[in-house]
Ligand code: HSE
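One chain comes next, on its own, written as C-alpha cells: the form predicted alone.
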Amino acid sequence: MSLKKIKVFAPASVSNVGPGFDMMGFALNKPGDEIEIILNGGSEIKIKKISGDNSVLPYYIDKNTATVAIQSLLKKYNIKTGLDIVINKKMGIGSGLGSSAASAVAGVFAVNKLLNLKLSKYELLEHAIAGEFIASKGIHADNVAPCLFGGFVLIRGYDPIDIVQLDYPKNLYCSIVYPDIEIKTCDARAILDKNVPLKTAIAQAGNASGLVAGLLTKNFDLISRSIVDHLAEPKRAQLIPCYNEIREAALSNGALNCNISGSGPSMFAFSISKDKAQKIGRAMLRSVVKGGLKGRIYVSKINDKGPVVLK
C-alpha cells in the first residue's frame, strides 16, 4: 500500500573539522530536524507549519531550504504532486551545526521514501545541496553529505562531486557547546580571505592529510595535533564570544582538540570516552555562562545512519 504521509529525522553535523574547510564533516546523533510530509491530493507544495525556529524561517517555498531541495528533486524527475510540509527545527538556526542542511536532507529523503522513487543517496545529494545554497549562498557539502550519508565524510572534489566515507575510531566522542547567538553562514564565509600564502596552504593540507591518516589508523595523538585550521578559524574566532575560554576549558579537561563547528558559534571537542566527553561539555558550557551568554551542550558519538524514517 502506498504511503500518504511520512515523518523523517535528519541529524545535525559538524563541518570543516579543523583543517577540512568545505571538505570534511561528520553526523551527530543529536540534535537534528524533523520533517513531516503529507500528500495533499493537489498540485501545490505548501509549508503548513514551522516550529522551533522562533518565527524566523520563511514559509515561501522558494526561500526555505527544505522546499527548495524538494522542488529541485521533483523538477529533475518531472514529478507533479501536492505536498503539505511540517518542519520542526530541533536545533538552533545559524548554530554551526548544519541546521539548513538537515532540513534540506530531511526534505529530499522524505520525498524519496514517500513517493517510492528508490533514488540513491548520491542521486539525492545534488538536490540537498541546492537547498543548502539558499542559506549559505555557496556550493559546499560538508554538512549536507555527512547528514545524508552518515558517518565521517570527505568531499574529495566538487566537479564532479566525489564523496568518500572514512573509517574512524568507534570510541571517538564529540562534545558540542552551542552559545545562544546566531552566525549566518554567508556572513562567516564573507570574512574569509580569497587567497592564502603557499606556506599556509601547505600547512593546511598537511593537517587535513594528518587528520584523515589519524582517523584511519586510530592514532589519537595524530588526530589531536592535526585538528588545526589555518584558514577559517583565525577569522571566525572573532565572531564567537569566549572563544579562547571555551577552547581552554575543553583542552584543560582532556579534549584531544577543540575547534569551531562549521561557521560557528558552536564549538566541538573530541575525546575517547563518554564520561570525559560529558565533563568536557560541562566545562565548555561554564565558559559560555561566565561570558554572560546562554548555551547548551550535546554529547554524541558519530552517527553512522544519517536520516531515518520516524513513522
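What you are looking at is a predicted structure, and each value in this text was computed from that prediction instead of being measured. Don't overthink the numbering: it's just position in the shown sequence, from 1.
The following text describes the form predicted together with the named molecule, which does not appear among the structures shown.
Checklist entry - Looking at 105-113, 209-217, 81-89, 184-192, which one sits within 4.5 Å of the named molecule in the model of the complex if you count heavy atoms only? => result Looking at the other structure, the answer is 184-192.
Next on the checklist: in the model of the complex, does G262 come within 4.5 Å of the named molecule, counting heavy atoms only?
Outcome noted: Answer yes; at least one heavy atom of G262 falls within 4.5 Å of the named molecule in the model of the complex.
Checklist entry - Quick one: is R236 in contact with the named molecule in the model of the complex, heavy atoms, 4.5 Å cut-off? => result Within the cut-off, so yes.
Next on the checklist: With a cut-off of 4.5 Å between heavy atoms, is F21 one of the residues that contacts the named molecule in the model of the complex?
Outcome noted: Yes, contact at 4.5 Å.
Checklist entry - Hey, in the model of the complex, does H140 get a heavy atom within 4.5 angstroms of the named molecule? => result Flag for H140 set to yes.
Item to check | Partner contacts for 4-19, taking the named molecule in the model of the complex and a 4.5 Å heavy atom cut-off | outcome: Stretch hits, in order: S15, N16.
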